[in-house]
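First, one chain by itself in structure tokens, the form predicted on its own.
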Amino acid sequence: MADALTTLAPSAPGEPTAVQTWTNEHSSLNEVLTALPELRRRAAGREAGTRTAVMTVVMVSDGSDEAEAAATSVRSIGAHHPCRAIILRPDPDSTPAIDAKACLWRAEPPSSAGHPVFFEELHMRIGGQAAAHLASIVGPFVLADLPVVIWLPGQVPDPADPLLRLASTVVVDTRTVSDLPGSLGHSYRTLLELANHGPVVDLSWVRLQPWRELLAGLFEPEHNRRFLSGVRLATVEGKPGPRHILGGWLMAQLDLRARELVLRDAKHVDIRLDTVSDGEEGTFQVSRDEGARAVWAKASFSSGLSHSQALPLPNDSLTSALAAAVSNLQADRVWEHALSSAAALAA
């Protein structure tokens, strides 16, 4: 089929706007490479011709709703983190071909003082044997001298996958790991191996930052700090991925033994530490109420003292976590230590 280049109408206010799009079935890589600068050339205005990308984001999609939501999140952060987004859809059982769609998006700055930002989004369905060689296909599209972020939504990447050799940072989400017997521990060990090769950013770990920050904040007052060494029992509730990674974090940070930690299944994350110091008992708890977009923290003591605080949660947790993740594409040793302890817990 002949290719098609189209100018599109604006989208809703506040959302990125698709200003040019190009589609072609049975494309060659050279045709796709040529189409990307053509989108900018055809877009009205000099600003569109100036690339402001700060990274290349490569996603491997299985066509699920989860993968589609991930692609939307990449687009949503375009105003703050413009990138060349490459979404690959491997389809090894189909006819050998590359069906491609490229789009140039315009995002308005958060303030009227800034300039609009333009970024590219490229979708490629890879059919036949080429689906097993994604690294050689995506390589020519990676922007030179910029970080390359690789994300396989819903999957734990194989450290031996050649595609990962292109990555500056790999994005994962331990919230999605399987909780079948033996699967959690295997997944965590695989991620630790992956982290030995380069930075790994865990979106679940990023989402859990309000719980971690609030719990640490409860021990900031001098009266409370002495209870850190007197933890008798730590209880973590939540879905399998979050509760294990938080349990591992508590073990690593507080030097807890497995018998001092209780993990329970629940819809939302809840952390509770039962402690004692000089005969005074203390309870430190961080939780989220059903339906609330906030995390609450409370410290209470047998002496009658207590205090509490809260942090709001974003409405779109995936987009918010992704934006925070790409803002800091460095290795996180605290996460790695937590993951190591979580692997032992899940064994």
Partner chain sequence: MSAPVPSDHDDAVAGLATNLLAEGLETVRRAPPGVLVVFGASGDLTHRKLLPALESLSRRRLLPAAFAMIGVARTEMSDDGFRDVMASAVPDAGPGWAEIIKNSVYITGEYAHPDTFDALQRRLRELDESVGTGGNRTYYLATVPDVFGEVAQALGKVGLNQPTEGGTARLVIEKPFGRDRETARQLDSTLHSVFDEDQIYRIDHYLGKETVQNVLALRFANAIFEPLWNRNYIDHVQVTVAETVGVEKRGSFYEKAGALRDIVQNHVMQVLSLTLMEPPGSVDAEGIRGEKVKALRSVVVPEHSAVPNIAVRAQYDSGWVEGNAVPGYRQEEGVSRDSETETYVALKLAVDNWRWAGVPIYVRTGKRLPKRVTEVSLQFKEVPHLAFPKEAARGLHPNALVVRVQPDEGVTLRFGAKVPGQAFVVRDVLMDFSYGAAFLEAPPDAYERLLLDAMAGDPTLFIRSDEVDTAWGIVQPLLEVWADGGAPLAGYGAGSWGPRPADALLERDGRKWRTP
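Numbering follows the first chain given and starts at 1. As the structure is a prediction and not an experimental result, all values here were calculated from the model.
Separately, the form predicted in complex with the partner chain exists; it is not shown, and the next lines address it.
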| The single option of L88, A252, L164, C103 touching the partner chain in the predicted bound form, heavy atom within 4.5 Å | A252
| query | Exactly one of L39, M59, L311, L29 has a non-hydrogen atom within 4.5 Å of the partner chain in the predicted bound form; which residue is it? | reply | L311
| Can you say which of 136-144, 204-212, 259-267, 123-131 gets within 4.5 Å of the partner chain in the predicted bound form, counting heavy atoms only? | 204-212
| Is every one of A79, N196 and P221 within 4.5 Å of the partner chain in the predicted bound form, counting heavy atoms? | yes
| query | Within a 4.5 Å heavy atom cut-off, is S302 in contact with the partner chain in the predicted bound form? | reply | no
| query | Taking 4.5 angstroms as the cut-off for heavy atoms, does R232 touch the partner chain in the predicted bound form? | reply | no
| Is there a heavy atom of P92 no more than 4.5 Å from a heavy atom of the partner chain in the predicted bound form? | no
| said: Using a 4.5 angstroms cut-off on non-hydrogen atoms, would P242 count as touching the partner chain in the predicted bound form? | reply: no
